[in-house]
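What follows is one chain in structure tokens, specifically the form predicted on its own.
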Amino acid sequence: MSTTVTDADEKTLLASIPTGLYIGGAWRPASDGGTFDVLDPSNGEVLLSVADATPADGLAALDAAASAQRDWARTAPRARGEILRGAFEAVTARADAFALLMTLEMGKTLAESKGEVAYGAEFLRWFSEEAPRVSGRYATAPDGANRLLVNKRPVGPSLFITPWNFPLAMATRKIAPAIAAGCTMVLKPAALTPLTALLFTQVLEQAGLPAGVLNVIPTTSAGRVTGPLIKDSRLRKLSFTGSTEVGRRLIADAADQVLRVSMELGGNAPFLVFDDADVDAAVDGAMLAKLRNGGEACTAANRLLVHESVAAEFTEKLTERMRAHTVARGTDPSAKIGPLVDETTRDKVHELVSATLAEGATLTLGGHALDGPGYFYEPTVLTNVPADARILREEIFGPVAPIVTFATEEEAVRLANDTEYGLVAYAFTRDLNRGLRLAEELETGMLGLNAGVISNPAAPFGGVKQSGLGREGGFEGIEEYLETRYIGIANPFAD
């Protein structure tokens, strides 16, 4: 695709996107014929209308997954891996189409979308290689009385609920290990951004994924559709990415059937800059950590904690870098930041900024929503932020950087850990020993040391505290979809 995207490019792409439910290997309308509109957040215009699944459709999807589970679990691991490898190659070949589609429905810039395609596709390749490596062990019991056989088997039918901010990567991060492990699935993509999931489903179908293994049910009635599935004894796994508030409710609901759960929930990432840091490198890292996806990421740097001796230099350089970021529709070649995903998100960002200023912070840059159409917010820097400000407690999900100063390493760690969340932290320092201390003292599941982006399909992604349960990606990712079974065998040498 050329750098400049035309209206014809957009129309051609949209005409190729399936808009039905995908159940049992067939595309079909909702059982009541209902649809909902998917909007372009840069102008509010309708992109496509998509089938709106009902509770009956949700149960039909689980029926299909449950029916396919036995045969899929018995499918050779290499065959499952080859399907994933074929899907990786197909997504990579259609990278421009996936990127444009994500930009249209979510708003991120084309550069951001292309980065997500590469990241999301890599989960397919990684888990294609993990599928044939699932293994167990055979051993003699310590007392020699019998033999110990341990193997792995698929958890079973799984329900995936994905968010709107990374519509391809959040799907591949769950679907790829499930396919590799031999689990069937029901996917409920976010109503704001279902189109990418539908295109990806089409790719998997063409790659040879058998009917019933993946079933996709976009809906505007998430609770009504997924609630009965969570209470159905045939479902054995629930994986959710989204807010901690919703995650808590889903964990409670999953307790009735004692479901295996994976929860990737909220974040409140601290970004620490110490007095010995390379300030220019720290600013580069902050731009990545803060503005990836326009700030609409659970891994976004939410609190910039900067040593008082370098705070002035860091703030000046960060402000100038953010000032130079052009805000425009994601398809515009000049765009560095696209629109926020919807009006509610934009209004929450502005409300947090306004509240922080009322609490005594200083507005150094930005601070306003831009005139529509679309849901744009200008890059914003806040300094002198009070320690008890709301913005330091809540996910911002926008291009807003609140800066707080500290005096000592102990204070920095205390401020960083002063949150119910624990997904990721970032720290810039030249002191190796300090970096190792931080790795042990910061209460997060991940740490970026002198790096502003650390997400990688080969690494375990996940948090501690109220940021979630379980890990996605890495060698650990496939374990979320496997049960461990032990078989005790009588001593074959016994008389």
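Model, not experiment: these values are computed from the prediction. Quick note: we count residues from 1 along the sequence shown, nothing fancier.
In what follows, reference is made to the form predicted together with a small molecule, a form of this protein that is not presented.
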Triplet Val5, Phe98 and Gly294 all within 4.5 Å of the small molecule in the model of the complex via a heavy atom:
no
Among the candidates Gly182, Gly212, Pro399, Gly266, the residue which, in the model of the complex, approaches the small molecule to within 4.5 Å (heavy atoms)
Gly266
From the list Arg133, Arg390, Arg249, Arg153, which entry has a heavy atom within 4.5 Å of the small molecule in the model of the complex?
Arg249
The small molecule isn't shown here, but in the model of the complex, which of 329-337, 223-231, 376-384, 410-418 has heavy atoms within 4.5 Å of it?
223-231
So in the model of the complex, does any heavy atom of Ala190 sit within 4.5 Å of the small molecule?
yes
Would you please decide whether Asp284 lies within 4.5 angstroms of the small molecule in the model of the complex, comparing each non-hydrogen atom pair?
no
Given that the small molecule is not shown alongside this chain, does Ser243 nevertheless sit within 4.5 Å of it in the model of the complex, heavy atom to heavy atom?
yes
Non-hydrogen atom contact Leu288 with the small molecule in the model of the complex at 4.5 angstroms:
no
